[in-house]
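The chain below stands alone and is given as structure tokens, in the form predicted on its own.
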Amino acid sequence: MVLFVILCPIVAAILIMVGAPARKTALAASVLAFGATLFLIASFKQGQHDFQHVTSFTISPEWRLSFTTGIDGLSLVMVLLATIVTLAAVWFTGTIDKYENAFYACLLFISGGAIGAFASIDLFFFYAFHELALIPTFLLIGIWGSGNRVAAAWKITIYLAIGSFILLLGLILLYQSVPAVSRSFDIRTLTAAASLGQIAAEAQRHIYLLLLIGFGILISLFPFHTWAPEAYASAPAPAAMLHAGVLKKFGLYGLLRLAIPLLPEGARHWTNLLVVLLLGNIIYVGLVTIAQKRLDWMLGYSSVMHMGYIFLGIASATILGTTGAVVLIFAHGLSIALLFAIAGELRKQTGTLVFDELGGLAKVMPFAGLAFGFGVFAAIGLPGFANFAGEIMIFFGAFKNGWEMDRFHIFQIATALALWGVVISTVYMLRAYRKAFMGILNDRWNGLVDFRSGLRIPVALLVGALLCYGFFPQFFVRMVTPGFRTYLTVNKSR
């Protein structure tokens, strides 16, 4: 079933490229992948930290290379996020003026690449699936984007290519740092070797730094963040939904899957550096977000800013903090996808996303105003949404990590500063809501039409998931905690 979820969008993309009806095929594949993911959730055995539904095909015995897929609690959450956002993005796409088949195929390749990376247990395919998703991103921005789309496409390609190259060096060094008898591309084998202390502390420091920089560029960690706002502002809405909501989470997933469990000494060594950089995401990028005068640029910068909270949870290396990071990864993916979808519909109807040219749109687009309000409230961490549950766990987990009676620890300082980020995000999000949907309606927007009934389904899906997992975050906690407890407890005791 895991293999089916991976191959469903990829096979559908190939069929579309050879002439199958684009929208119908993409929607069918998205629905099937989402339904299969729900089956995986229903059959998932909670309380186990091992991978389930494992499928393996040997490719190179001498290299111990095999195409191995499976899920644990962490990867299942990521696959669920990918299938929900894929379904919403495909549904929002509608009719494309030029190269419609290619557009839908690119969306599905991004989805398939992300799902494949999340469900791969083999390092080689973990990396290869992510690279599969990068080329369609470049094409979607460069061909179907808006504004200075060509420059934005090249900028994101150069940044992500550099990040991927640095990441590749780190993965190669990780593979070679394990003794020959334990050397394997299988993440389970590498994790077992790391738990036995077979990766030297000095090697861990070098490898972790490479992984942090490589993944950090892909995630838009400060100061490697400048590619993201421009790319998202120029990208068509479905592409921004998939990249900001799903593909960018690959780097965060990689840190949780590889860097923390395999390289605990390296993580400890570079903790202070990571804390300083993530505060740059929260404070500096947050202040830059307030200064934005366009809705699309504001959403792009806000996406970068919220990565800082997730980094804080990962850096805390506590069960509570890392679990909160997973919940916030899922919640942010849904909320930013919702906001980009609505912004794309506004741009399609008005031709502009400049705040000073909008205003009062809720009078003619009440459903869009309500949905955007839900997205805003989720993004600022209003209780009842999944974002709040993730953020509160991160703050408590990070503060607990710095609990020392004799001095004020760096994690306590970072948590206190990060709390100001909640205030900053509230300022720019509510300002954007007021500028776009409240106030006096410009006469030229009297002819705008609200979301048609078909578009309300993906909006309801995204909002419903945010509320569902906001009220019942323990669903995710029970799935991901056993895995984190296994290696975090071992690392604390060493």
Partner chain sequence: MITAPELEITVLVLGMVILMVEAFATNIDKRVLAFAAITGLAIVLLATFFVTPGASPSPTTGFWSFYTADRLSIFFKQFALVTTIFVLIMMTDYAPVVRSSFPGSTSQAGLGEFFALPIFTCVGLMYLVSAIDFVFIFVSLELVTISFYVLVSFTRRNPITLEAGIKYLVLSALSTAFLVYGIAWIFGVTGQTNLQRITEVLANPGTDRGAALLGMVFILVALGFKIAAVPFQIWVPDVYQGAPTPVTAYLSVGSKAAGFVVLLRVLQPFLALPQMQRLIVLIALLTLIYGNLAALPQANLKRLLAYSSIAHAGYLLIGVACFDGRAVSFYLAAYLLMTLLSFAVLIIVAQQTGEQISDFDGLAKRSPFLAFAMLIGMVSLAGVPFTAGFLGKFFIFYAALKQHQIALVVVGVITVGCGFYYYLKVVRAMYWQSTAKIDKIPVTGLSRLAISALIIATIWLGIFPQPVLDALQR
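The shown structure was predicted, so the numbers you read here are calculated from the model rather than taken from an experiment. Positions refer to the first chain, counted from 1.
Heads up, the form predicted in complex with its partner chain isn't pictured, but that's what we're talking about next.
Taking a heavy atom within 4.5 Å as contact, would all three of F215, P238 and L256 count as contacting its partner chain in the model of the complex? Checking in the model of the complex: none of F215, P238 and L256 is within 4.5 Å of its partner chain.
Against its partner chain in the model of the complex, would L196 count as a contact residue? Criterion: heavy atoms within 4.5 Å. Taking the distances in the model of the complex, the answer for L196 is no, it never comes within 4.5 Å of its partner chain.
Please check if G142 has a heavy atom lying within 4.5 Å of any heavy atom of its partner chain in the model of the complex. Judged by the heavy-atom cut-off of 4.5 Å, G142 is in contact with its partner chain in the model of the complex.
Taking the shortest heavy atom distance, is F44 within 4.5 Å of its partner chain in the model of the complex? Flag for F44 set to no.
Quick check on R347: any heavy atom within 4.5 Å of its partner chain in the model of the complex? No - in the model of the complex, heavy atoms of R347 and its partner chain never come within 4.5 Å of each other.
Which of L27, L467, L38, I59 has a heavy atom within 4.5 Å of its partner chain in the model of the complex? Of the listed residues, the single hit is I59.
So which of I135, I96, I413, L273 reaches within 4.5 angstroms of its partner chain in the model of the complex, heavy atom to heavy atom? The residue from I135, I96, I413, L273 that makes the contact is I135.
Heavy atoms within 4.5 Å of its partner chain in the model of the complex: which stretch in 452 to 460, 421 to 429, 28 to 36, 62 to 70 meets that? Correct option: 62 to 70.
Contact set, 144 to 175 vs its partner chain in the model of the complex - heavy atom within 4.5 angstroms: The stretch 144 to 175, when checked against its partner chain in the model of the complex, contributes R149, V150, A153, W154, T157, I158, A161, I162, F165, I166, L168, L169, I172, L173, Y175 at the 4.5 Å heavy-atom cut-off.
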